[in-house]
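Before any questions on how it binds or moves, here is one chain, the form predicted on its own, in structure tokens.
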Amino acid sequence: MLKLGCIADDFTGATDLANNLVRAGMRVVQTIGVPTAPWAAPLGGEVDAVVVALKSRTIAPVDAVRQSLEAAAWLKAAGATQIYFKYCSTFDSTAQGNIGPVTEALMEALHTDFTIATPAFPDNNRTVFKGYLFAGDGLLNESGMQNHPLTPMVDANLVRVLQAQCGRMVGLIDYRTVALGPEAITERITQLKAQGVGIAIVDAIANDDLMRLGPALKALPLVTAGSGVAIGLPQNFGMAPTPQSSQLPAARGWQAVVSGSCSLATNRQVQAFIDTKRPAWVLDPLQLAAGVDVVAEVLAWAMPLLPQGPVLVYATADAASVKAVQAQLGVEEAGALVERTLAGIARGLVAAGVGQLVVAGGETSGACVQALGITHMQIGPQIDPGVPWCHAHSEAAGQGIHLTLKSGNFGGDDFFTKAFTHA
């Protein structure tokens, strides 16, 4: 029987969560969207957790709620005893949602009056202290996330951010309580519920905090968090780390990187790849808007280069450049153009023989996975914290491929070259 059912609000976040569950000993399958069939082959067999990857982070709240409820219903029917709603470690959202509305809808569906919320992921320098989210040594709103084109994060106080999205009262379980261990956390939950609090932000500044938190969440029907909390949950199901949980088939085929993220981390990764003198092609959104067949141009450029090693195709740019393009094309149109183009390029590269593909950026990953006709993925070994290799069957290409979906903010500067040494 399925033990843990997970819902992720974007595709890179789904693999991030699945990666932590695998490292903690669970065998994990990630589905692309809500499966249309009941729990059965090809998803059956030796699987402890399923992560349903949605593309719901930046859509209308009503649509995000509907998709999340559909995912929860499928997971419960499959036997999941606990539901985990996963969002980004930078708590990406707006004053309207979608974290708050989805959380409250899932609470109603699961008949629970309390849950927790924490995006803490210390392995990737995301920590929560006194309810404030830090990215590295600085507050979230000073990390570059204040310039995010879709979900600018201008407030690091998570209680305040989440309360703006929720009808239920939002409270805090602070670091002093967490440090005392599971019993103290459970007692604090009881106190908060008596005070009318329905959702509590939880402090965590180290992995030890997340491990102490895990047992206190065992009885909750719903957990909401970034991927960090996942390291403390498998112990509740009697599971421990094992190498077998991350085994994948042998990697084959040429290598390529497709990058649409404009985060500071991905900008550094693009530059590091270019600095190695490997081939790279930058997309110009204005050319796309003018109707130039950029997909054909890129594929013609890449074909003679692929046998020599990885190639990079990117739309990654700094915040000023992104805003300039958005001013001409509009925010939604600019993003949609780039996503469609990168998805077409990814599909063409795989059809040409690329068997190891790195995709950077949540929106880009969603578009590429859908274009490749991937319905589910087996989660494999970690490359960097939060980013594993996966194995999937591409219906569009008619073959299995190795794929990694990298959140824009994750990975070291050398990620685009290091990844292929781990396949």
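Please read all numbers here as calculations on a predicted model, not as lab measurements. Throughout, we count residues from 1 along the sequence that is shown.
The following text describes the form predicted together with a small molecule, which does not appear among the structures shown.
Asker: Of these, L158, M145, A343, A315, which has a heavy atom no more than 4.5 Å from the small molecule in the model of the complex?
Answerer: Contact residue from the list: A315.
Asker: Find the only residue in S93, S261, T127, T115 having a heavy atom within 4.5 Å of the small molecule in the model of the complex.
Answerer: The option sitting close enough to the partner is S261.
Asker: To test your reading of this chain, name the stretch in 362 to 370, 387 to 395, 56 to 64, 23 to 31 whose heavy atoms come within 4.5 Å of the small molecule in the model of the complex.
Answerer: Within 4.5 Å of the partner lies stretch 362 to 370.
Asker: Are all three residues D10, G100 and A105 in contact with the small molecule in the model of the complex, where contact means a non-hydrogen atom within 4.5 Å?
Answerer: Result no, not one residue of the spot touches the small molecule.
Asker: Taking the shortest heavy atom distance, is P285 within 4.5 Å of the small molecule in the model of the complex?
Answerer: Yes, P285 sits close enough to the small molecule in the model of the complex that at least one of its heavy atoms falls within 4.5 Å.
Asker: Is there a heavy atom of P234 lying 4.5 Å or less from a heavy atom of the small molecule in the model of the complex?
Answerer: Flag for P234 set to no.
Asker: Is V325 near the small molecule? Define near as a heavy atom within 4.5 Å, in the model of the complex.
Answerer: Result yes; V325 sits at the interface with the small molecule in the model of the complex.
Asker: Could you confirm whether L213 comes within 4.5 Å of the small molecule in the model of the complex, counting heavy atoms only?
Answerer: Result no; L213 lies far from the small molecule in the model of the complex.
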